[in-house]
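Below you'll find only one chain, the form predicted alone, shown as structure tokens.
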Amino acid sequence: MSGATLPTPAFSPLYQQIKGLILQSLQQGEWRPGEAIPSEMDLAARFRVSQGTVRKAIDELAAENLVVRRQGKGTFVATHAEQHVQYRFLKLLPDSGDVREEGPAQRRVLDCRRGRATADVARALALRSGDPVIQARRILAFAGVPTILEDIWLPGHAFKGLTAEHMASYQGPTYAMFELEYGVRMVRAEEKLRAVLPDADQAALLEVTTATPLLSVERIAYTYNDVPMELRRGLYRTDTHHYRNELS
């Protein structure tokens, strides 16, 4: 086959290989959220590479919010329980300023039950139709105003025992509860946004009319190695809030 171009084998730089090994340890729970990982010197000795190679791998993990460097203390597994990352997946901000000025959202859990995955939910969560899932519905209010209506689906095998009472009583961020009590850390998410009108039930729960335009946000959240662990469909009021994203 003269003139044919043979495929070139994919080349993975050494630091990327080390990054993959560290990710594997994170996924297996060797270091829990909030815990320190070994020093660059110890990791270099463990993987038999230079400290510079380890440093470059950790730099990428830090840029992806998987680990956090603390000056003079070391590098720690990132956690949603930390103040500066609690709002990383919440992009709805009040028109008057930062969401922190409002304080945490008031959560009202309307339902949380076990069910079976429909075809679209199974597809989003890489399950089979009919596999067990946890389905929850809740309202998030700011300053007493219902602002977000969310429907959430979670793989049943990973969230056994999750109840409405548990979701309602947990004081911290929901993603912190997932990682601390169920060992599932959401590390990234993909979202689809569109403008919609609510049906009668949705409008009543958000205290708006059926003619009020809402922002529909569908999110799939992933744990390590791009394993989908949550499907979340939210309806957002934007009369006093706006959706803000930072592109770089």
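Numbers follow the displayed sequence, beginning with 1. Keep in mind that this is a model prediction, so the values were computed, not measured.
If you look for the form predicted together with another copy of the chain, you will not find it shown, but the lines that follow are about it.
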| item | value |
| --- | --- |
| V68, L197, V208, I37 - the one with a heavy atom within 4.5 Å of another copy of the chain in the predicted bound form | L197 |
| Proximity to another copy of the chain in the predicted bound form, single hit among A203, A189, L180, V49 (heavy atom within 4.5 Å) | A189 |
| Residues D95, H241 and R244 all lining another copy of the chain in the predicted bound form, heavy atom within 4.5 Å | yes |
| Contact flag, A44 vs another copy of the chain in the predicted bound form, heavy atom cut 4.5 Å | no |
| Partner proximity in the predicted bound form: I58 to another copy of the chain, non-hydrogen atom cutoff 4.5 Å | no |
| Touches another copy of the chain in the predicted bound form: E64 (any heavy atom, 4.5 Å) | yes |
| Touches another copy of the chain in the predicted bound form: G29 (any heavy atom, 4.5 Å) | no |
| Heavy atom contacts to another copy of the chain in the predicted bound form at 4.5 Å, residues of 215-230 in sequence order | L215, R219 |
